[in-house]
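Here you get one chain, nothing else, as structure tokens; it is the form predicted alone.
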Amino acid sequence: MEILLSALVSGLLLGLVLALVALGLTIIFGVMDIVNFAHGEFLMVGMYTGLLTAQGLGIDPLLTLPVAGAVGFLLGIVCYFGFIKFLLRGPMVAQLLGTFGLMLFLRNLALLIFGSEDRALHHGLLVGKSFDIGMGVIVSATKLAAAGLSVAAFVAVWLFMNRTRIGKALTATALNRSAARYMGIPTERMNALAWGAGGASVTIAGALIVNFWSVNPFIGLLFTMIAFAIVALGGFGSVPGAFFAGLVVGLIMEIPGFWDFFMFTFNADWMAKVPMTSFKYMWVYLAYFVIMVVRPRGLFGWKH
């Protein structure tokens, strides 16, 4: 039972952070109907920002979140006005290839600056610590803090989208761009804001993830595919969908823990011979494929 509870708790905590990773992608798609293939590279930038800021200033890694958010917001704004707004004039294939090129540029720029080796945080108030929450379940302090801060960020974005004038204008642009323009909403600025908000949310997620995950210039591809799976499952453009789908994907990534539980419960020796840990990402991509085939709008899709 301890193995099962540990897998459930670990999956839910990881899912909350992954939901924040996918949030930026769903905001950008919801407003502009464009898929950002460089989303994972934005997260990689956030991870390096958190790592280097903590090491350079000698502060706790969790205190680097405002810096990571500011860097992500500026990166999103610069990418939109310097690159993306021109792609919108072309066909969809140009937009897809354009953001793919942005992904390659950011990845190779990081490779040039930082090299290919893995880097990790080894200091911090919570780094290396854990909590015993009872029933034999031990939780990493960094994952627990990251999950809690991810929830806070989600609540902040939801309040911004639904309780502020700018947020409502952003939502109106996402629902009907032409009608929003006729109502006097500056849709060009809303596009830029979507990229800024999307960039800020994913770089903050990156600064949280680097507390318990090493970073290298190639890490973005893994999280891009996971974010795509979450957005597809939750529904393109749906903020609540990204939240709940993140929890589902987090649990899917803990399938090795559930596998071990059944192996010990039923004393199935043959299960020990299956390297389930090596297959955990396969189940995420399988869920992505099934949802795209069965329900392309996702479980919480809100745009027709």
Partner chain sequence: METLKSALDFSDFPRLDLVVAGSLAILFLIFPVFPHSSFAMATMIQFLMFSLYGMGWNTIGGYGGQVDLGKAQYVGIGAYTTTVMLVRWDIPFWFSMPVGVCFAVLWSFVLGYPLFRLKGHYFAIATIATSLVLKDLFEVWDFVGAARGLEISPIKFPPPDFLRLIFKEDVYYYDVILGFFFVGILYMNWFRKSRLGFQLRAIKDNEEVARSLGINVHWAKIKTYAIATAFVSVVGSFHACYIKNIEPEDTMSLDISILIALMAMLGGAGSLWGPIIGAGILIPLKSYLKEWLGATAGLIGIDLILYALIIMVISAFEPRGIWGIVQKVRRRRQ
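Positions refer to the first chain, counted from 1. These numbers were taken from a predicted model, which means no experiment stands behind them.
Heads up, the form predicted in complex with its partner chain isn't pictured, but that's what we're talking about next.
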property	result
Non-hydrogen atom contact N108 with its partner chain in the predicted complex at 4.5 angstroms	yes
Heavy atom of N191 within 4.5 Å of its partner chain in the predicted complex	no
Any non-hydrogen atom of S140 within 4.5 angstroms of its partner chain in the predicted complex	no
Contact of L12 with its partner chain in the predicted complex (heavy atom, 4.5 Å)	no
Non-hydrogen atom within 4.5 angstroms of its partner chain in the predicted complex for each of V93, G98 and L286	yes
Contacting member of A120, I166, M225, L74, with respect to its partner chain in the predicted complex [4.5 Å, heavy atom]	M225
Interface residue in the predicted complex among M103, A180, M161, L144, criterion: non-hydrogen atom within 4.5 angstroms of its partner chain	M103
Stretch in contact, per heavy atom within 4.5 angstroms of its partner chain in the predicted complex, of 52-60, 66-74, 245-253, 275-283	275-283
Residues in 66-83 with any heavy atom within 4.5 Å of its partner chain in the predicted complex	F83
